[in-house]
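A single chain, nothing else alongside it, follows as structure tokens in the form predicted alone.
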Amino acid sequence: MTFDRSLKIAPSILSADFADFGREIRAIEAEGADWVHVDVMDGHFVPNLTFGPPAVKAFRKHVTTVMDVHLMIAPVDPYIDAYAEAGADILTAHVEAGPHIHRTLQAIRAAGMKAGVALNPGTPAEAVAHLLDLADLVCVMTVNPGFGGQKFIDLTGKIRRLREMIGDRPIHIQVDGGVDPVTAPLVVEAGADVLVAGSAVFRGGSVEKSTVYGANMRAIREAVLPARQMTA
């Protein structure tokens, strides 16, 4: 992976057809997805249960772009090597998931992946101030993690603060939760460059009607164009 701040849309396959992940992944990539976002939940750190390393390894066979794996689990460290072996390109851990997030980010990089750190809505930007030299991505949760389809929480002030803190470091700001053509311009204008979208991408489509996925992603890109021009 090479770093650039161009806008990236990362559809969350949590909103895909669980019985047809392979074709769903190929469909969103064919329709213009930049990354494929995989939400891993443990039923403990968040109130839902999703994918373990074997499932992620199965997804990897279909991903030709970037597999962006978001761990909403605690603890994280015992599973880092398993997700590296499964083929994650980016592995994101929550700053709230354990007492040694600095060591966690070191371990993610040592396993050959890009390291992401995620912030729940109630966690301030300053929580990652001393982690930025170990991070390749900061994920701002704009919903409380655990379920798809939630209402967007306006945390543009936090995103702006992170953008100031990051400066010229090669770190992506990702926003995850409630992203659609209405909310996307707000977070992009504040400094985000990676947008995770689940229901906003998959709504109304299917592998048989995958052009709907493309239309939904184009709607997000077109909505943020003025914001991108302002921040260029």
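The first residue of the shown sequence is 1; numbering continues from there. Predicted model only: the values in this text are computed from it and were never measured.
The form predicted together with ligand DX5 is left out here; the points below concern that form.
- No residue of the trio Glu24, Thr65 and Ser210 has any heavy atom within 4.5 Å of ligand DX5 in the predicted bound form.
- Distance criterion of 4.5 Å from any heavy atom to ligand DX5 in the predicted bound form singles out Met41 from the list Ala33, Val56, Met41, Ile171.
- Contact with ligand DX5 in the predicted bound form, judged by any heavy atom within 4.5 Å, is made by just one of Pro99, Gly149, Gly122, Gly157: Gly149.
- From the list 138 to 146, 83 to 91, 125 to 133, 104 to 112, the contact stretch for ligand DX5 in the predicted bound form under a 4.5 Å heavy atom rule is 138 to 146.
- Taking the partner from the other structure, ligand DX5 in the predicted bound form has a heavy atom within 4.5 Å of a heavy atom of Gly178.
- Looking at Met217, you'd find every heavy atom of it more than 4.5 angstroms from ligand DX5 in the predicted bound form.
- In the predicted bound form, Gly198 approaches ligand DX5 with a heavy atom inside 4.5 Å.
- Looking at Met72, you'd find a heavy atom of it within 4.5 angstroms of ligand DX5 in the predicted bound form.
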